[in-house]
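In structure tokens, the next block holds one chain alone, the form predicted alone.
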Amino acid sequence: MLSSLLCVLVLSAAPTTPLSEPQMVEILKTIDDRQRNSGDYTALAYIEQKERDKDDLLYEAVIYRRDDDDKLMILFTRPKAEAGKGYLRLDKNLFFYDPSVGKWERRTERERIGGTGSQRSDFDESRLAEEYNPTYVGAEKLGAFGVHQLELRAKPGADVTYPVMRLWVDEKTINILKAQELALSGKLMRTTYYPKWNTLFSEDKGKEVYFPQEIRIYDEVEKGNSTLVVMRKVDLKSLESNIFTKAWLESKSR
């Protein structure tokens, strides 16, 4: 009911009328809630990495999430040189495991997952309302879509990839269509597009869970580098608890 009321409020606002702070916060909460599952989440991800003057690389990874406990596991399965490598998020810490050396290392939020242009936040649950304060930039057109542009600044103490974000949110669907991430200096670091969203009914949640079926990431620092992430075979069935442990990931590399 709250989401429906929010949509009515957003759609009834005149294009030149700025959204209030409560309206913007509700938009962020709606985005977060749609992507969060009360149970578990598994997805097969194909990641295509393009870098200037280099051959394209194609990766395959399995994403495991348990949103209630803020747990995340990313296990690479292809190519052969990357198989067995993985990332584990526990208690707001991100760890990387390389089976070739048999060691775990703590990584920062800006870690390039598998050396691609993707980052932890591209695969984890959305926490925009929890981590950022919004400011209204304006109503505009993004291609054929009417959008609200919001600027987000990280809340004090929030452990985020970048302290400033710009979001272009579809007025009708409340889906994110475009995002930009900036350093504190204002330097643009990444631009991301979300051309395709999909839904899957969750038995645990009792309603649809939204996920970006396709993510297109453009590196704004190393021009010419881009990353395409395609989510396949999304499943919301319960997972074994031991999946979110270092021992489980290590066992997949033996």
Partner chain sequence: MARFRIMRLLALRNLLSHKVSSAIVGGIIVFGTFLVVLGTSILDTIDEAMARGITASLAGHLQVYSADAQDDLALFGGGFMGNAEIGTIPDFAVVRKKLEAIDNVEAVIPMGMSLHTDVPASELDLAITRLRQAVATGDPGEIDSLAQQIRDMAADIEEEQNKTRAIARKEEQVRIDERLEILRRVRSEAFWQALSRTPEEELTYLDGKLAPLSLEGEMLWMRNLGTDLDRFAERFDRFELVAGELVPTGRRGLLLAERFCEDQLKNKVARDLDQIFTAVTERGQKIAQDPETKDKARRLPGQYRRVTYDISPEDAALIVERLAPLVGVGKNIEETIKTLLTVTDENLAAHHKAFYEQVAPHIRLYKAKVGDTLTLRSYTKSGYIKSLNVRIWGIYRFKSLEKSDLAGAQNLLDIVSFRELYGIMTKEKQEELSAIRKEVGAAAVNRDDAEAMLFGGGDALETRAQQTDMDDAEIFGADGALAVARAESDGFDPTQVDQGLALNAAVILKDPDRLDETRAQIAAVSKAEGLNLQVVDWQQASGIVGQLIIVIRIVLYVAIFIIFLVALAIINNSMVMATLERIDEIGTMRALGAQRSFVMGVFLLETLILGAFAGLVGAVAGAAVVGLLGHAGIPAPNDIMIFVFSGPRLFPAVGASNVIFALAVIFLVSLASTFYPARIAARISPVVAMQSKE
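No experiment lies behind these values; they were computed from the predicted model shown. Residue numbers count along the first chain shown, from 1.
There is another form of this protein, the form predicted together with its partner chain, and it is not shown here; the text below is about that form.
- Using a 4.5 Å cutoff between non-hydrogen atoms, residue 221 does not count as a contact of its partner chain in the model of the complex.
- Within this chain, residue 38 is remote from the site of its partner chain in the model of the complex, having no heavy atom within 4.5 Å.
- Among residues of the shown chain, residue 138 is not one whose heavy atoms approach its partner chain to within 4.5 Å in the model of the complex.
- Remark: residue 175 counts among the residues lining its partner chain in the model of the complex, judged by a heavy atom distance of 4.5 Å or less.
- The chain is drawn here without its partner chain; in the model of the complex, the stretch among 130-138, 93-101, 159-167, 117-125 whose residues come within 4.5 Å of it by any heavy atom is 93-101.
- In the model of the complex, 42, 43, 44, 46, 48, 50, 55, 56, 57, 58, 59, 60, 62, 64 are the residues of 42-73 with at least one heavy atom within 4.5 Å of its partner chain, listed from first to last.
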